[in-house]
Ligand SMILES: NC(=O)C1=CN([C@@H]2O[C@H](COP(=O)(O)OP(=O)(O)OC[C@H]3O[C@@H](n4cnc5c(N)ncnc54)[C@H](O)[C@@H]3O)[C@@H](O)[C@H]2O)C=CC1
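The chain below stands alone, shown as structure tokens; this is the form predicted alone.
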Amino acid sequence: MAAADAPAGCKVVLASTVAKSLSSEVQEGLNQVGKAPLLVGFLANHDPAARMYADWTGKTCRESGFEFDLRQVDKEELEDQILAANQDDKVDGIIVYYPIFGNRQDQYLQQIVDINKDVEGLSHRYVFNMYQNIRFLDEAKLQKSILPCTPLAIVKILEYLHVYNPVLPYGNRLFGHNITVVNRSEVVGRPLAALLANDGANVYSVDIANIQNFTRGSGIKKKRHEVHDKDGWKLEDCVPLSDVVISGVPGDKFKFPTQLLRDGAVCINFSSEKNFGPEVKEKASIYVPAIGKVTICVLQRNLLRLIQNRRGPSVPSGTATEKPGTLEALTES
């Protein structure tokens, strides 16, 4: 749907529009690498959504100048295949399309991917850094930690929409915003709430069981977020307080109660299902109906960052701010 089709008060922003703003960054970084990086994807399930995402990743990567090798394997062989890819010097990055077993064995598989090839940022070191609000891998702050693709894609969308305030110091740029995130999965919802809170937002994380508050405290005085249960709270308690609402419920039966939105809220849908009905455009000021193309761009940025981290800095410190768009500029977020 084009933005012109929305009511006068609502701007519909498509993922393709945001992705264009990132693709020039990716191309600059690709030019500095000097070769087509190889991303290997492992598909070991029969989930049609995973297959669609894998095919889409491959198409977009090849169009952008990356190599992509989708390897369909039996789930019982996946562990050995990942370990082999870890040892293969030709492989620059690895992505696994989950769920595989749908239990703790999937968590084990996430941890055996080489941290230097973990394009999804699922290794323990990256996850620990994310929740602890540690943004670099080294004391010199030259190697940026990898963040999970979908949560980071939403961050990049919020930056594009100027929800992040560039006048404030980096790391505090969501100060003053109340954000509701409807999804607390370990893959997207919880990491997203942590990222937003670590950047200064007051986040209400909504799960089927309860609502939690992710915050760095009054005046964002704490170095990292804390989590507090909001006993007895429901959607009708947090949504009217929120200027940003982000929803990612995978079930086709869920529809967000649009009547709870405050006028002028920013609404983002990251589910494969349409959580927001068309009436959202009657109350929202900005509506982003999908994020997939931005997620692929972030995946490519992560792959370039992995290569950069392995190679080490290639230019003097400070060049990233002087020449935005270079590979070093990918270290900002």
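Predicted model, so just to flag it, every value in this text is computed and none were measured. Each residue number is its position in the shown sequence, starting from 1.
The protein also exists as the form predicted in complex with this ligand; that form is not presented, and the subsequent description refers to it.
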Exercise for the section: Go through Leu241, Ala84, Ile208, Ala140 and name the one with a heavy atom inside 4.5 Å of this ligand in the predicted complex. Expected result: Ile208
Fill in the blank from the handout: Picking from Val203, Leu195, Leu158, Val182, the single residue whose non-hydrogen atoms come within 4.5 angstroms of this ligand in the predicted complex is Val182
Problem - Three-residue site Leu38, Ser64 and Gly93 fully in contact with this ligand in the predicted complex at 4.5 Å by heavy atom - result: no
Exercise for the section: Please name which of the stretches 287 to 295, 302 to 310, 260 to 268, 27 to 35 has residues with heavy atoms lying within 4.5 Å of this ligand in the predicted complex. Expected result: 287 to 295
Exercise for the section: Determine whether any heavy atom of Thr150 comes within 4.5 Å of a heavy atom of this ligand in the predicted complex, and answer yes or no. Expected result: yes
Problem - Any non-hydrogen atom of Gly176 within 4.5 angstroms of this ligand in the predicted complex - result: no
Practice task
Find out whether any non-hydrogen atom of Pro250 is located within 4.5 angstroms of this ligand in the predicted complex, and reply yes or no.
Solution key: yes
Handout entry: Partner contact for Val113 in the predicted complex: this ligand, 4.5 angstroms, heavy atom
Key = no
